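Just the one chain here, the form predicted on its own, laid out as structure tokens.
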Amino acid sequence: MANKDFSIEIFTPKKRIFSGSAVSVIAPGALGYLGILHNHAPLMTTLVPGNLIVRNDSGETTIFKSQGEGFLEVFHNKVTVLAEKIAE
């Protein structure tokens, strides 16, 4: 089976919260939750407060609680999240 992971970084104005690889990300977009998988089309969207769910290739899930608005970018199998505030 082919490698289906991609990189993800999560930032707040004060620090980098997370950097690693994932096989899926679910994020709270302004128009509803959206899912990101390997080879997702390029995307830039706004985020609203809610759960940001990151699953790695071992099946482990990490949930970050976004407590402010932000942005999410997907480009060349890299997801970058910029959020006002994240509760770990």
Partner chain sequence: MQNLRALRQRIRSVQNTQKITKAMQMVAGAKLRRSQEELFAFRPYADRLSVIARRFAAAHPGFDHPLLNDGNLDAPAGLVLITSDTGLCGTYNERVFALAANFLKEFPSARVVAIGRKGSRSLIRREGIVFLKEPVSWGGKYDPADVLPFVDWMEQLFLSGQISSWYVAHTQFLSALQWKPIVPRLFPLERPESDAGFSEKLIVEPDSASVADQLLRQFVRAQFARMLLEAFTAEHSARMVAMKNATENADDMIKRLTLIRNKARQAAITKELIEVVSGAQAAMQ
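Numbering follows the first chain given and starts at 1. Everything quoted here is computed from the prediction, not taken from an experiment.
What comes next is about the form predicted together with its partner chain, which is not displayed.
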**Prompt:** Heavy atom to heavy atom, is Thr80 within 4.5 Å of its partner chain in the model of the complex?
**Reply:** yes
**Request:** Please check if Leu43 has a heavy atom lying within 4.5 Å of any heavy atom of its partner chain in the model of the complex.
**Result:** yes
**Request:** Answer yes if any heavy atom of His76 is within 4.5 Å of a heavy atom of its partner chain in the model of the complex; otherwise answer no.
**Result:** yes
**Prompt:** Hey, in the model of the complex, is Ala30 touching its partner chain, heavy atoms inside 4.5 Å?
**Reply:** yes
**Prompt:** Which residues from 4-32 come close to its partner chain in the model of the complex, meaning a heavy atom within 4.5 Å?
**Reply:** Glu9, Phe11, Thr12, Pro13, Lys14, Lys15, Ala30, Leu31
